[in-house]
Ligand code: AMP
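Next up is one chain by itself, shown in structure tokens, the form predicted on its own.
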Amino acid sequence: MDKTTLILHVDSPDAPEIKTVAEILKNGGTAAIPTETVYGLAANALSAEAAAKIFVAKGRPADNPLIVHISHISQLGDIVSEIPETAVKLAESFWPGPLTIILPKQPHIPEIVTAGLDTVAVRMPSHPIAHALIEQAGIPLAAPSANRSGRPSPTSWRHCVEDLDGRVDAILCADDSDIGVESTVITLATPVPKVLRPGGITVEQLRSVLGEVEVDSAVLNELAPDAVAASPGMKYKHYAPKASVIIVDADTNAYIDFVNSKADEGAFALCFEEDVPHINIPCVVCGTAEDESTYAHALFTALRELDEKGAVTAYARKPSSDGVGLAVYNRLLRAAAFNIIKP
């Protein structure tokens, strides 16, 4: 694939470049766009032909569903066939924002968008440029992360250029993503609402609105090979750098002792800022131990930095599985292909 990709820089939702990209999307093209979670690769969610271009550009498996992005709650009824009270409560509490809600789909939503499922994933991004783009395009946008499939998700327009230049019609360049991990995905198509992918909206926040909320076992475990993925990010190895990632389940001292014993060529520590003075092998920092949101914000950039620095093996500190830490741990598990050691 070798097409000319427009690289367009914008600094406000009023920028004229947004109209240019809106026209590309209305005409069936593809564009990498900023959102508050990660950069997304957008196409017309109502066009099977346009959505198919996302899969080609990313090298994405066809059984991995996409998320449909809207700019106003009034659009939800055009996408889903039922809007239960639970969906209204979640939308009122967390939209616009990093929450994706799965509901029964309208018949006209293309099967390629939902991977053949009878449900569809929908969210309303809070990023002002993403919001303006959806408004100007006048269509809902299907948009997974704007990276080559399996690679770390892009939190910077530079990551999009690295992965997709020559593969998409446009890249809309703005500031780095605020949150740094993809949206939380909750399905309301089950008897009890269930989190299929953790993200910036925590399980605790969801329970404060809905009461009972379950967490799918695939959040922290491998999905069975023959199982159907109801959400993006459930089935395949994702987010992986070229380096082999190994999660180290240990307290601070045990982690430091362990990585210091790995003075092999190409061994790196993927660690907290506070660990660095005590570690004798090269380090890539992932936030601070006190604030899980910093780990989330830094994770995907850190995974790409491992490749830039030539890491062969990366020993990652296991994050907490509470709050936003659950989202970080979920992403690390997939980047590591569930390779965990406990020294």
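Note that this is a predicted model, so its numbers are computed, not measured. Residues carry their position along the shown sequence, with the first being 1.
The same protein has a further form, the form predicted together with this ligand, not shown here; the description that follows concerns it.
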Work out which of the listed stretches, 199-207, 155-163, 117-125, 212-220, brings a heavy atom within 4.5 angstroms of this ligand in the model of the complex.
-> 117-125
Counting non-hydrogen atoms within 4.5 angstroms of this ligand in the model of the complex, say which of Val284, Ala57, Leu66, Ala298 makes the cut.
-> Leu66
Find the only residue in Pro98, Pro140, Pro144, Pro193 having a heavy atom within 4.5 Å of this ligand in the model of the complex.
-> Pro144
is_contact(Ser231, this ligand) in the model of the complex, heavy atom dist at most 4.5 Å | yes
Answer for Val259 alone: is it within 4.5 Å of this ligand in the model of the complex, judged on heavy atom distances?
-> no
Val80 within 4.5 Å of this ligand in the model of the complex, heavy atoms | no
So, in the model of the complex, is Val185 in contact with this ligand at a 4.5 angstroms heavy atom limit?
-> yes
